[in-house]
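Coming up is one lone chain in structure tokens, specifically the form predicted alone.
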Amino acid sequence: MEKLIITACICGAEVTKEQNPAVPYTVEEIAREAKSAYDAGAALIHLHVREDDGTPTQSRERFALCMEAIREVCPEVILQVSTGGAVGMSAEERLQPLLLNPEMATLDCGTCNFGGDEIFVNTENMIREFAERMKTRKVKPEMEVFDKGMVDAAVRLNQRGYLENPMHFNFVMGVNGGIGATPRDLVFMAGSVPAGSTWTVSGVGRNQFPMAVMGILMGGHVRVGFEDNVYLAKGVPAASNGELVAKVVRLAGELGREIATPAEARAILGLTGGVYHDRKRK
């Protein structure tokens, strides 16, 4: 079975220090949490950024500061920027991090109700525009899919030439408005992606570790981190993203799955572009 790529989503756009004091806001805190995850076994950092007061931002300048700070403490780690941002941001605002030529970026493949009046909007035209921008800059997209219809949307864009093979998916399971987080649901989603694709599973809240176990057993990859869940166990806040990653490493060890290094993860995902590779070529 392929080695396991662990992604750490270290802060997200919504979770706050009131929920867990270790949630990072500042550049220094974000670098600290990225390093804790990398040291524990994460090959890939899924990156949102915040202002010092915790306000989510897609500012190119803020992303540049955070990405450089992470590269200083863990230069080998894969950086995957979010183009999801936060609910209510414009498309152009969300696209700013692509200007920094990261190796990877998220591509949300549909609109989703997040509860109450919150709607995460991704029209078909927006998805195509985001895909074209990534393709132009040779940024590998990770298709963020909250239900089966979003997988189908990505497949259609692939057939029309907007997305290249092999595709990589992130199944976001258990979010309000999306597909549930059960073994049946994950088997259904994994069976829906085209042959040759890779996939990661992100279980939200209490679903994080049950879905991680399923992902390990099924040959997929796993995402954990404060964006999706701030608890190590029921009622026990995680002290760092590294603690969450370390738990997945322990589970994978018990189940006989080896952990991918960043170099191995790049080979599995077919990463050849971005600032990291530009630096390596010099």
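Numbers for residues come from their place in the sequence shown, where the first is 1. On a predicted model such as this, the values are computed, not experimentally measured, just so you know.
The following text describes the form predicted in complex with (5S)-5-amino-3-OXO-hexanoic acid, which does not appear among the structures shown.
- Within 4.5 Å of (5S)-5-amino-3-OXO-hexanoic acid in the predicted complex, a heavy atom is found for all three of 13, 48 and 108.
- Remark: residue 204 does not count among the residues lining (5S)-5-amino-3-OXO-hexanoic acid in the predicted complex, judged by a heavy atom distance of 4.5 Å or less.
- Although the partner is absent here, residue 114 is a contact residue: one of its heavy atoms lies within 4.5 angstroms of (5S)-5-amino-3-OXO-hexanoic acid in the predicted complex.
- In the predicted complex, none of the heavy atoms of residue 200 sits within 4.5 Å of a heavy atom of (5S)-5-amino-3-OXO-hexanoic acid.
- Contact between residue 86 and (5S)-5-amino-3-OXO-hexanoic acid in the predicted complex is found at the 4.5 Å heavy atom cutoff.
- Across the options 240-248, 26-34, 40-48, 214-222, residues that bring heavy atoms within 4.5 Å of (5S)-5-amino-3-OXO-hexanoic acid in the predicted complex belong to 40-48.
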